[in-house]
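In structure tokens, one chain follows: the form predicted alone.
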Amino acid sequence: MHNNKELQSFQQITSNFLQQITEKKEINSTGIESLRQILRFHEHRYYVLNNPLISDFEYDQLYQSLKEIEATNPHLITPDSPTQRVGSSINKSFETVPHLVPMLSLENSYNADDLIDWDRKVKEQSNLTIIDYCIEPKFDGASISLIYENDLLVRGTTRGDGVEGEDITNNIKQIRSIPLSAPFSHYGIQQIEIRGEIVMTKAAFTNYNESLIAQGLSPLANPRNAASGSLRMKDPKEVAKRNLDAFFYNVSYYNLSSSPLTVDRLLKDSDLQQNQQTTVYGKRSSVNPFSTHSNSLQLLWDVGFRSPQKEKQVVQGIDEVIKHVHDFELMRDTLPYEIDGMVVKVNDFALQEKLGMTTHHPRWAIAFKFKARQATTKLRSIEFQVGRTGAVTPVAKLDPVQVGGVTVSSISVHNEEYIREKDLQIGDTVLIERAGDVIPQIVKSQPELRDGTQISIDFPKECPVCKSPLFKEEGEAVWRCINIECEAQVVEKIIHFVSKDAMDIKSFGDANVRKFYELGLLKDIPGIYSIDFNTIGTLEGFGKKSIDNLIAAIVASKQQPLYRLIYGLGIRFVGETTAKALANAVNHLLDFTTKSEEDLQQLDDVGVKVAKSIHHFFSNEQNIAMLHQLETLGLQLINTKKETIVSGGLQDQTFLFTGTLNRLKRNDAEVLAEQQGGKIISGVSSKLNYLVVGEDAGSKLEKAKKINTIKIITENEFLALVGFEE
């Protein structure tokens, strides 16, 4: 890695370029290669080391400057320029090309006995009593093969049938952790073929799915499918949107140049000192990359690739292998990416050569598979459930099956389009998957196992509860019941109203709401405040103490601030943050009956879609009658907080919190900001002043980095800002 002096040098050159851009000084064509080197350096810091030294905005400035120079001087463009990643055309087909060396499968093991048996065979064939093994994660993604010639990436292919794969070079170039050039020539390597795995990190998968859901599209099933499906997308620009990553774990072939830096010379310190060069990625390693597998991983890391150099472990003997793979399985959920096992390889290349391979797999490697997180089961029926917003969600009922230590018998299948995409039929054998703590998903049906008894799934045309016609808005995938008196919606709305983040009526819960509703004791939200406690007292499980607690919780809820009531009403698209913005915009809740959609869009955190939903709610006569009834029953519809707010040092400054806070709960932190006059908003935009970043911050942080007016601060910096003392 770079020492401090080298990093300071790169930073100084970066600063010089940025200064020229700020002062609008022209960067001449003689500096173009230096600019490319600086961009490659910062790409590597960001995408491989996950340790950027400049902001996204500063990187974009450098990148745009390079584009402008190359546009003026097209003869200076090189194949490995950072500007040459962007795909300029849509692929109509992928050419099939041969691998330099076949991509074989791995022999699999599922327990310690399998590993012991494999180790026995290796020792017998090598005439050794103990073997050094290199252990690395088995990445759960899509296999690829890359070829570099004279340091330039010339081809990227899928695994295909192992002998031939599809040329996906344009798509490969969209993955920023894959360098377009790498200094293999420093090792005397003229041509090299390396193998790796394309993955989508858990964070990238979550963020991408959130963007799909926001567009009314079906989410992807799992990170592996997301990565695999990306490789053969026709438009490289769509590949770039998925923020894929790549790990490389094997040198399958290399060809030394006519006058290479030989192995003998690599091992001589004097020659190393004379020939050592600083590259964008670091200094050439003093290890011999051609002697062991672990050394080859070091080579890949040193020339700029993400290899499992940090995750790999070299151990002696199979007992140590068994201990390590079991230890690693326990920590798999802490990794930022999915793995489904560990790969154990004989570390010594000469011994690998001696052991050889079968037509199917190398004899010198084996995959130890972790406990299954996938399973097959039968899809027995579909239940259509109605939520508080009227959304009709199909839920698949399955034969119970164990997946990742959890018994799964029900899985949401989202919407009608999802059912069609997965080609689901009642009676199908389906493959289900559970990754970490993620809700189980159906990966696919298995139509080849159908025997003619399967039944097509017909999405209902009317509400399964109240029989009203269903409605689907243009551009959405969800069918809805728009009858606000639908029993299913009424129950779900009451459950939401009494929930912790809304009116926080602690003695109510899902079960009690449903029970009271079924008994006719509760029919709507206002009914909470006139419920018959004498009758409840006759029910099993409701003694005097329970009744007293319930009464106290209901009475206390009448004093909840206005924003909690707004959130509790369950207005579509209105979350807690938007509810606070709405509460601060009026003196009385019914003031919204006089506001147009255009008026609403002037408020913080309210866009076109949200404004339309709010306006629709306050234009409904039944909703207005309910609000009058609640006020008569003693609920607070006046914004008392607005009248008594105290100006603080953060008056009108906007805040957004992302990631996990360590010292405070997020709600408490938001209150601290508001007590100082700050406002909480829900999204990253030019209106945001402060983004407070906790652990595992995701897409909001990345988006905020691109807006240079946003101040990005830590939790401790925020607490210092508001003068918080524990």
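Source: prediction; values computed, not measured. Note that residue numbering follows the sequence shown and begins at 1.
There is another form of the same protein, the form predicted in complex with 2-(butylsulfanyl)adenosine; it is not shown, and what comes next is about it.
*Asks:* Please identify, from 341-349, 311-319, 523-531, 554-562, the stretch that has a heavy atom within 4.5 Å of 2-(butylsulfanyl)adenosine in the model of the complex.
*Replies:* Within 4.5 Å of the partner lies stretch 341-349.
*Asks:* So in the model of the complex, does any heavy atom of Asp245 sit within 4.5 Å of 2-(butylsulfanyl)adenosine?
*Replies:* Result no; Asp245 lies far from 2-(butylsulfanyl)adenosine in the model of the complex.
*Asks:* Does at least one non-hydrogen atom of Asn295 fall within 4.5 angstroms of 2-(butylsulfanyl)adenosine in the model of the complex?
*Replies:* No, Asn295 stays farther than 4.5 Å from 2-(butylsulfanyl)adenosine in the model of the complex.
*Asks:* Whether Pro440 contacts 2-(butylsulfanyl)adenosine in the model of the complex should be assessed with a 4.5 Å heavy atom distance threshold; does it?
*Replies:* Although 2-(butylsulfanyl)adenosine is absent here, Pro440 would stay clear of it in the model of the complex, with no heavy atoms inside 4.5 Å.
*Asks:* In the model of the complex, is there a heavy atom of 2-(butylsulfanyl)adenosine that lies within 4.5 Å of any heavy atom of Pro179, even though the partner is absent here?
*Replies:* Looking in the model of the complex, residue contacts with 2-(butylsulfanyl)adenosine do not include Pro179, since no heavy atom lies within 4.5 Å.
*Asks:* Quick one: from Arg306, His414, His615, Arg159, grab the residue that has a heavy atom within 4.5 Å of 2-(butylsulfanyl)adenosine in the model of the complex.
*Replies:* Partner contact (heavy atom, 4.5 Å) among the options: Arg159.
*Asks:* Just one of Ser109, Thr377, Ser143, Ser445 has a heavy atom within 4.5 angstroms of 2-(butylsulfanyl)adenosine in the model of the complex, so which one?
*Replies:* Contact with 2-(butylsulfanyl)adenosine in the model of the complex is made by Ser143 alone.
*Asks:* For a quick test of understanding: in the model of the complex, does each of Ala203, Lys241 and Tyr337 have a heavy atom within 4.5 Å of 2-(butylsulfanyl)adenosine?
*Replies:* The answer is no: none of the three residues contacts the partner (heavy atom, 4.5 Å cut-off).
*Asks:* Looking at 2-(butylsulfanyl)adenosine in the model of the complex, which residues in 98-113 have at least one heavy atom within 4.5 Å of it?
*Replies:* Contacts from 98-113: Leu104, Ser105, Leu106.
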